[in-house]
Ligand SMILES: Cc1cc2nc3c(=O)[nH]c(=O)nc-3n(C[C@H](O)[C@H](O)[C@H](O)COP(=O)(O)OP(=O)(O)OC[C@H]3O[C@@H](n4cnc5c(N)ncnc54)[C@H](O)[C@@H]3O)c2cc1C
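Shown here is one chain on its own, the form predicted on its own, set out as structure tokens.
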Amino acid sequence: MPKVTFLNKQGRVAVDCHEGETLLQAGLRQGVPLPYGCGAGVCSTCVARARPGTVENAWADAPGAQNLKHDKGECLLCQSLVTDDCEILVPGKIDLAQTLADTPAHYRARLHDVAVVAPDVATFQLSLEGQADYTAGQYFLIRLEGMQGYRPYSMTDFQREAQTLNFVIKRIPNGRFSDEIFSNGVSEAKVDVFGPMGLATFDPSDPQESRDLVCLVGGSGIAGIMSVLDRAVSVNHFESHRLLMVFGVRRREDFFFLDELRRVKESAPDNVSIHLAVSEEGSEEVDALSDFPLHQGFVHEVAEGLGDGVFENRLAFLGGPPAMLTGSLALLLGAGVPVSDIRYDRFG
């Protein structure tokens, strides 16, 4: 079993790496606080350096690997495999001597109960061989047999000692995972799973998080937000705190989870405000849908039009494609929301 030593100016720590396990997974599994944003080769947050030739790229076409300086040994921790002992230089000021309080793990699971809930959107479940605890807003990495790399998917609810996990997936052009679901009609499969992961979490038992919320969401990015809302409703959070949410899609028929959102609204009608947004319909068609106000425009545009001061002193959660995240981030930062109060994962 290869031994990997992570090091930087703050120190070093050595861990064992299982066969087929990425450097990121090996480190996180053993409590090393390595940097990451998606864990799936998309965001480049986990760029590190290895002596050239000592690591193998598990997914050469990963979006986050396209600008790596291979001649300088740059690699993605989340896509790098090793076959022998090696040292990995981790940039930044991370204290490698610290140990993560909660560590992710590997699981085998069965994918099943695929259900189409909107054009190009489906839900599915994973039954784990074992059980897992996770924090509201976290995600798991999932890999089908024969697929290069893992894909991140957020749970859509909150559970303790979960044996069955619930997810939502959007059809992505040329997406290996989504093609299996939508084009090949896979309704059941064995998968490898690693998690839980993610920093866009919500724990209402923490006094610093027992606050009003704002959620700006686009399309299937609502998945992790639904977990946050499920957790909040389970402890009657909105009886004493407010929620402002804008959920946007391209066309009216693209909406899903409206029944679930209605239950959130009904948990505290006076404190929960949920708005829907469509970006490709004429204003003459926009009024209301499922008793929710329906607006014309992009998520950040609709949110901006809700009035001044609506984001003040709120904890913000974002989910959606890159353009939606960019617009929403600019809106919140411009409104004075501190970076520390804005939470999202970089899947896009």
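Please read all numbers here as calculations on a predicted model, not as lab measurements. The first residue of the sequence shown is number 1, and the count goes up from there.
The following text describes the form predicted together with this ligand, which does not appear among the structures shown.
### Message
Counting any non-hydrogen atom inside 4.5 Å, which residue from 267, 201, 178, 125 sits next to this ligand in the predicted bound form?
### Response
Exactly one listed residue reaches within 4.5 Å, namely 178.
### Task
Would you mind picking the one in 106, 211, 110, 170 that has a heavy atom within 4.5 Å of this ligand in the predicted bound form?
Selected residue: 170.
### Message
Using a 4.5 angstroms cut-off on non-hydrogen atoms, would residue 298 count as touching this ligand in the predicted bound form?
### Response
Answer no; every heavy atom of residue 298 is more than 4.5 Å from this ligand in the predicted bound form.
### Query
Wondering, does residue 6 line up within 4.5 Å of this ligand in the predicted bound form on heavy atoms?
Because no heavy atom of residue 6 falls inside 4.5 Å of this ligand in the predicted bound form, the answer is no.
#### Entry: Heavy atom of residue 151 within 4.5 Å of this ligand in the predicted bound form
Judged by the heavy-atom cut-off of 4.5 Å, residue 151 is in contact with this ligand in the predicted bound form.
### Query
Using heavy atoms and a 4.5 Å limit, would one call residue 174 a contact residue for this ligand in the predicted bound form?
Result yes; residue 174 sits at the interface with this ligand in the predicted bound form.
### Task
Name the stretch: of 233 to 241, 162 to 170, 188 to 196, 88 to 96, exactly one has residues whose heavy atoms fall within 4.5 Å of this ligand in the predicted bound form.
Of the stretches listed, the one contacting the partner is 162 to 170.
### Task
Can you tell me which bits of 61 to 94 touch this ligand in the predicted bound form, meaning any heavy atom within 4.5 Å?
Residue within 4.5 Å: 79 only.
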